[in-house]
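Next up: a single chain in structure tokens, the form predicted alone.
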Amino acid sequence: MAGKVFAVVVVLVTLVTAYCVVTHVWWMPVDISVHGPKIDHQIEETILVAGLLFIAGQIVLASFVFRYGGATGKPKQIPGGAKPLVIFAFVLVGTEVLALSFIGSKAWGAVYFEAPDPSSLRIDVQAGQFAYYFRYSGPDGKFGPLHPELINEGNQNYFGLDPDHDPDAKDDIVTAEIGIPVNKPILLTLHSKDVGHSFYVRELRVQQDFVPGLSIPVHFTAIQTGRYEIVCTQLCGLGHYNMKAYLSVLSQSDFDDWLKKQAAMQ
């Protein structure tokens, strides 16, 4: 009797789970990026294929438990043994992974293999325990070189700039939040000053790790104004839970005003 009850519970849990996924009870927030629809389509295809296999697997499990859960005597065995079943599962899952990887390569490549728009707004991003900082070039349109040995949070030199000796660094603008114009291609360059971190904005469908010693480019275009949370998704120390910043997507005129205010506070 216990086996039959368990089988019914397995089926009910499977059906409820499938319902929640199909009806998007818990789903991703609205997409605000140009490349986002491709990412969302890939996620939906992955969930569809994996979901069908999940349902099939749970139904098979429930049927075996329902039929043999209360059996006594010699244990029942799968006809032909377990080896053919394992080989079948290996081939099926392997084919699924390869197919999804091939389909998803276009969406992934649009973010990582396609060159950024030459007109992109360039922004440097510095991650460190446990905060983000962002750097814009000033009126000269040039970034000053970075000197890691000069990084000093005590005097707010988060990027290691040397404006006394590097003319290009004199007008660089460093902020604790990031503002970007809507419908403008953006090119971020990610740096870490200590350990691994991550730049994750759900609404942009962008998640990229910072790797110490590397400068990692990420490009995207936001198509909807608003204020969105940036969080670190790499366990980076005791303050990881509180490592976040905010991204403001603004109209071009509002962005220009915002950047002028940031420059005035340097």
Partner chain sequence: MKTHQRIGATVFALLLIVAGLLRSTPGVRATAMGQVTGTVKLDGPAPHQKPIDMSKDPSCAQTRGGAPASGENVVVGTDGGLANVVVYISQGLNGDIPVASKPVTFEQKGCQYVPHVVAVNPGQHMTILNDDKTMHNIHPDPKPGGGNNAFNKSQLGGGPSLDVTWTAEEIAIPVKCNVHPWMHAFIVVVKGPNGVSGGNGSFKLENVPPGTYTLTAWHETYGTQSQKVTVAEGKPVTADFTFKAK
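Keep in mind it's a predicted model, so treat the numbers as computed, not measured. Numbering follows the first chain given and starts at 1.
Below: the form predicted together with the partner chain, not depicted.
The closest non-hydrogen atom of residue 164 lies beyond 4.5 Å of the partner chain in the predicted bound form.
Mapping the unseen interface onto this chain, residue 177 counts among the residues with a heavy atom inside 4.5 Å of the partner chain in the predicted bound form. In the predicted bound form, at least one heavy atom of residue 129 sits within 4.5 Å of a heavy atom of the partner chain. Proximity of residue 243 to the partner chain in the predicted bound form: non-hydrogen atoms within 4.5 Å are present. Comment: 152 to 160 is the region of 180 to 188, 152 to 160, 136 to 144, 115 to 123 lying near the partner chain in the predicted bound form, near meaning a non-hydrogen atom within 4.5 Å. Contacts to the partner chain in the predicted bound form (heavy atom within 4.5 Å) from stretch 210 to 237: 227 only.
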